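Only one chain is shown below, in structure tokens, and it's the form predicted on its own.
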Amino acid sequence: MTRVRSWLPGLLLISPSLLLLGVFVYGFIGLSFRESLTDKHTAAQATGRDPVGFVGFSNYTELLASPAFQHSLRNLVIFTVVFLLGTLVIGFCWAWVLERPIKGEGIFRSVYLFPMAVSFVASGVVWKWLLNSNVGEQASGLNRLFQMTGLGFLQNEWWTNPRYGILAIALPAIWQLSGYVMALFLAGFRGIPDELREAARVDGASEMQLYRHVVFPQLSPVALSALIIIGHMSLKSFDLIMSIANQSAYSTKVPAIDMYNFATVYDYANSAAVGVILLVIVALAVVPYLWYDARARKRG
């Protein structure tokens, strides 16, 4: 009875959050999964005029066998890899520069972090102009800049390229999130005790050895956190792509866009199936991190 009295007030305090979480997150996940196992592909079925049947996992098998959806998955992989590498490399380099005491550090830090204050939709509108694919007299944005500076050979189709257009979408994404990764790495750098560096130098370690054996191991949890955060954001990318291209652009199509497109034509079964596939992909990226973090906390 005493134990119940000790945890009951805490449980009552968080029970509204648990209830909302159960209904609006896990409840809707369950509903989406159930929807994905049906043949609800038409407006008549969506409005209840035609019956809806159970088809098992056939929506999943058809989607995964579809060349259009495979193209979306390929775009998602390319976008995620480039987005991850770009933000991690640029964010680390900025943090490495700012980690040394430099004049005006606060100004540089604000400048790097400012893009995070801009929404993906707002930045997407600007980048849509910058990444305009017109060349010659019709050129604008970056293509015009290349033309004016004698670098016309760099003009290209940007996001309209059917094979690698998704790479152009990674540019604004990297621009927007590199400052955030910089802040994570900078906090990691500042969290390394000076005694560790001094001890390594006293033992005769070179700067390269210092980074390899002291700094990088200390930064690995930060890098892993950045990897997970940026990775799961890239897997769910939607608003930035919609702002620069649109839902009908084949070159920049990813599963999140497919999910929206299916929903707009009342194909709720395929839309839900794409949502579940995305959830599984995100879970494959996040759950191992949560398991690793839990084990690390347990080890103390």
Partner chain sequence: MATVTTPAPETQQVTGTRPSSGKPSRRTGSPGWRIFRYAVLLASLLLVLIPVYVLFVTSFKGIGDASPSRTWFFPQTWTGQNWADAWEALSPALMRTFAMVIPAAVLSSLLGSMNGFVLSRWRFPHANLVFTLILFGMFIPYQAVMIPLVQLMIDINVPNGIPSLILLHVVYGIPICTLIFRNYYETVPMELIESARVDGAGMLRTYFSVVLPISIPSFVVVLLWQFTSAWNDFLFAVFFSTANNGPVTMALNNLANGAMLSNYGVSMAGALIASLPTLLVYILLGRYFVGGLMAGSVKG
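No experiment lies behind these values; they were computed from the predicted model shown. Positions refer to the first chain, counted from 1.
In what follows, reference is made to the form predicted in complex with its partner chain, a form of this protein that is not presented.
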Honest question, do 74, 85 and 173 all end up within 4.5 Å of its partner chain in the predicted complex by heavy atom distance? no
Would residue 214 show up as a contact with its partner chain in the predicted complex if we use heavy atoms at 4.5 Å? no
My question is simply whether residue 98 lines the interface with its partner chain in the predicted complex - judged by any non-hydrogen atom within 4.5 Å. yes
Hey, in the predicted complex, is residue 152 touching its partner chain, heavy atoms inside 4.5 Å? no
Using a 4.5 Å heavy atom cut-off, state whether residue 69 contacts its partner chain in the predicted complex. no
Since exactly one of 196, 89, 81, 113 fits, which has a heavy atom within 4.5 Å of its partner chain in the predicted complex? 113
Across 129-166, the residues having a non-hydrogen atom within 4.5 Å of its partner chain in the predicted complex turn out to be 129, 130, 132, 137, 138, 139, 140, 141, 142, 144, 145, 148
